[in-house]
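Presented below, as structure tokens, is a lone chain in the form predicted alone.
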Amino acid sequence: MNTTVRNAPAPAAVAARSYKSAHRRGLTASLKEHALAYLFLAPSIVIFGLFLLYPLVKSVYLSFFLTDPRGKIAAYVGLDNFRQLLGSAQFWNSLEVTGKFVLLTVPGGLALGLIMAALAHSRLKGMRLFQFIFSLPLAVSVSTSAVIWMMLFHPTLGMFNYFLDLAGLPAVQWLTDSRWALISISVMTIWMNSGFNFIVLLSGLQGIPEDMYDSAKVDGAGSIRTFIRIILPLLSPTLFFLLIVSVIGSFQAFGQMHILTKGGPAGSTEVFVYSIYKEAFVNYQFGTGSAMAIILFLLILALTLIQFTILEKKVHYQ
């Protein structure tokens, strides 16, 4: 009997072994969970590395070199590409055109999306059809939209000049007059962006509880007061998201300019991305084009940070 007592493990040792065993099982389960998570993330990481990170690093590298027309390194020039850009009138013109384009399209796109969402938010019969119609621009590609609007802007066959003629006004050269070309493309871009803005804002409106509207009616608030005091604050997170996305999208606009005006007339629609395209793939100056791409990246990053720093304080989160 004494032998049996001597061979039995002490309670403290048993508890320690149990703790180590449980800790080992927990560690193994955690490692398996992390491995599974990274396995699912692997495709996204590979795509991000190939199509975003590698081009960014390559652009930073090329911005310090001169290249030949085949894109091969010819000479190290340091910051000369950036100095050359800062002294270029074309560079400052493209910045100015981009700024005007952003100011025209972002407020216009948000206002149109908000108006359409407010109209489609009512519970009238047949409103589903209007929701479908308002969403259609989202399903139309840039090239298709450009063809449609090119016909509308046509100087002799287009609908806009037809209505001007009915009103007794002279025809406008929408895409070949430097005073109207940027405005015309901005109108088209506002229409293109309206589908996405409409869907997001309609979702935001539908997320506002009905009792908020009922409380406003009970308090005697009119439609305008209800919109300013209740709807806008509750929609502010949605509007802030759309503002960030719209500003970035406007800075990256390219397709409509390339198809409709090719940056003309006289550079009036040559936005920054189109200048990068011309510098890199028309003039074959990949070093300067990469420097412009880096400047565009820093510009968008700075504007996004400013918006988060200043405007996010005005956003009302529930």
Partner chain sequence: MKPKPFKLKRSFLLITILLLSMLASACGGAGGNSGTGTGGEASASNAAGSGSAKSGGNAAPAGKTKVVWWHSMGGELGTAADQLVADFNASQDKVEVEAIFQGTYDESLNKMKASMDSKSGPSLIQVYEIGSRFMIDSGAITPVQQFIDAENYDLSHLEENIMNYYTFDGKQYSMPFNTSNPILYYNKDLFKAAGLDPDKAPATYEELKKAAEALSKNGAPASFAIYGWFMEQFFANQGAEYVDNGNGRSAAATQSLVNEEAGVKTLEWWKSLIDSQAAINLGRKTDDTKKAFVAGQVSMTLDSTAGLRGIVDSVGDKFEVGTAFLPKPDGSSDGGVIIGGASLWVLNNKPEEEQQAAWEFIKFLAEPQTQAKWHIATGYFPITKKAYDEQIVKDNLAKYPQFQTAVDQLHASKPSLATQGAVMGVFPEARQIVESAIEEALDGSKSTKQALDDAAKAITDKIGNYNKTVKK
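Positions refer to the first chain, counted from 1. This is a predicted model, so every value here is computed, not measured. Take the two forms, superpose them, and find the largest set of C-alpha atoms that agree within 1.5 Å; that set is the rigid core.
One more form of this protein, predicted together with its partner chain, exists but is not displayed; see below.
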(message) Using a 4.5 Å heavy atom cut-off, which residue among 230, 112, 239, 150 comes into contact with its partner chain in the model of the complex?
(response) 150
(message) Please identify the residue among 206, 178, 144, 215 with any heavy atom within 4.5 Å of its partner chain in the model of the complex.
(response) 178
(request) Look at the stretches 217 to 225, 190 to 198, 156 to 164, 95 to 103 and give the one with heavy atoms within 4.5 Å of its partner chain in the model of the complex. (result) 156 to 164
(request) Flag this candidate site as yes only if 72, 173 and 266 all have a heavy atom within 4.5 Å of its partner chain in the model of the complex; otherwise mark no. (result) yes
(request) Using the partner position in the model of the complex, report whether residue 254 sits within 4.5 Å of its partner chain, counting heavy atoms only. (result) no
(message) Taking its partner chain as it sits in the model of the complex, is residue 283 in contact with it (heavy atom to heavy atom, 4.5 Å or less)?
(response) yes
(request) Flag residue 61 as yes or no: does it have a non-hydrogen atom within 4.5 angstroms of any non-hydrogen atom of its partner chain in the model of the complex? (result) no
(message) If we define contact as a non-hydrogen atom of the residue within 4.5 angstroms of the partner, is residue 50 a contact of its partner chain in the model of the complex?
(response) yes
(message) Taking the rigid core as the reference frame, tell me whether residue 38 has a CA displacement of 2 angstroms or more between this form and the one not shown.
(response) yes
(request) Could you check whether the CA atom of residue 47 moves 2 Å or more between this form and the one not shown, using the rigid core for the fit? (result) yes
